[in-house]
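Take a look at this one chain, the form predicted alone, written out in structure tokens.
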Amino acid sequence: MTEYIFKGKTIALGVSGGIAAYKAVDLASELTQAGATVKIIMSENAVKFVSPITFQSITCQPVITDLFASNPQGRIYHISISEEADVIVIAPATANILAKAACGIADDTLSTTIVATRSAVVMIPAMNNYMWLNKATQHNLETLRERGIHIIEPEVGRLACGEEEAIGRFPKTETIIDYLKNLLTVVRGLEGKTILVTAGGTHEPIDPVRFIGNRSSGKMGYAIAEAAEARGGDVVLISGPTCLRPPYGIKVVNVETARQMKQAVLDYLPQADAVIMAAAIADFRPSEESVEKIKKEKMPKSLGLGLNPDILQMVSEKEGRRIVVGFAAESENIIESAVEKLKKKNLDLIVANNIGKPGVGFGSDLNLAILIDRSGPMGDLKTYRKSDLAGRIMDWLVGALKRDAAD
């Protein structure tokens, strides 16, 4: 599958001057073996970490280090590469190249290629944790995201400076390869369709300080919203409280409670061609909410609870034809419970998650999941990156909408 995706693709791999430059050698090797033509551009500082001959030997392509060098056809490299590349990958992306790109500075081969390109650009930052967390770096990252630049954030781990557990580590090669596969295989098909997505948990206030909630991070819903937008959909994301950045180019409606989410869903439901309910809405809320903070010594021994509205059931019962997708977070009898929920709530698709194993589900970048539609389970329970699972859901949705249009 990987060979099919990368075969015939041209990838410009820009290497900037960080210690993680040596890891870009492995990335170049994997992409070349997968069938891509990999053209290397190195900054002046990058050659102090890795010799250009290393990349040339692996890719069988010339390595560009000189801004004024021209190719055999007489064209300037940074222009020809920017036009030929299906995607430009900057790995590692130092704080310096992030700042240059954010400000539009073009003073060497790498930065000039970034400014000249109309192709997708993927930046893979790797640096000291304090440099990553610096306000200027974070501001530059936000600027780049707003311009549509793809950012694969660094991982937590041991850094070259000696920090044992800190953010800033270059991601694993397979993580980058998976991201590029998704980017290069995006199949559009949602043009003219409005996709309503809910994400995150809800907070049900006890008083101004305390609330009832759950462990949902919102990562799954946000990944779905981004995947739907990438396929051309007009996306409305209704989000409960989360620490995630609003996705670029997507309308986000922020809510806090289940009742607020219900109202927001009702507001946007009439225009929706599909509703994907990825939010983990709290089932209960306090029957009484104190407007003042309850002192610890006055806290009641028991808390009265009321049921929150079943928004998924409400959506499936509303008049009008639309695709409705739900989620089932289960710790036992995963498939059986999900199939029952699919039928009970009259859903078109349900995504069943096994949350009973460590490292997957709430707060994680991974889900142990299976897709089930009215025809039955599709495959087996499998561990997905949430971005990959979002892509699978979109593939199904594009097909479902086409079938509806044909009926």
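Note that residue numbering begins at 1 and tracks the sequence as displayed. Since this is a predicted model, take the numbers as computed values, not measurements.
Below, we refer to the form predicted in complex with a small molecule, which is not included among the displayed structures.
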Of G240, G168, G326, G233, which residue is found within 4.5 angstroms of the small molecule in the predicted complex when only non-hydrogen atoms are counted? G326
Quick one: from R215, H139, K172, R210, grab the residue that has a heavy atom within 4.5 Å of the small molecule in the predicted complex. R215
Of the candidate stretches 217-225, 155-163, 98-106, 84-92, the one with residues having heavy atoms within 4.5 Å of the small molecule in the predicted complex is 217-225
Does the small molecule get within 4.5 angstroms of any non-hydrogen atom of P270 in the predicted complex? no
Would I334 show up as a contact with the small molecule in the predicted complex if we use heavy atoms at 4.5 Å? no
Is G363 one of the residues lying within 4.5 Å of the small molecule in the predicted complex, judged by heavy atom distances? yes
Does the small molecule come within 4.5 Å of any heavy atom of S43 in the predicted complex? no
Would all three of A280, N353 and K386 be in contact with the small molecule in the predicted complex, where contact means some heavy atom lies within 4.5 Å? yes
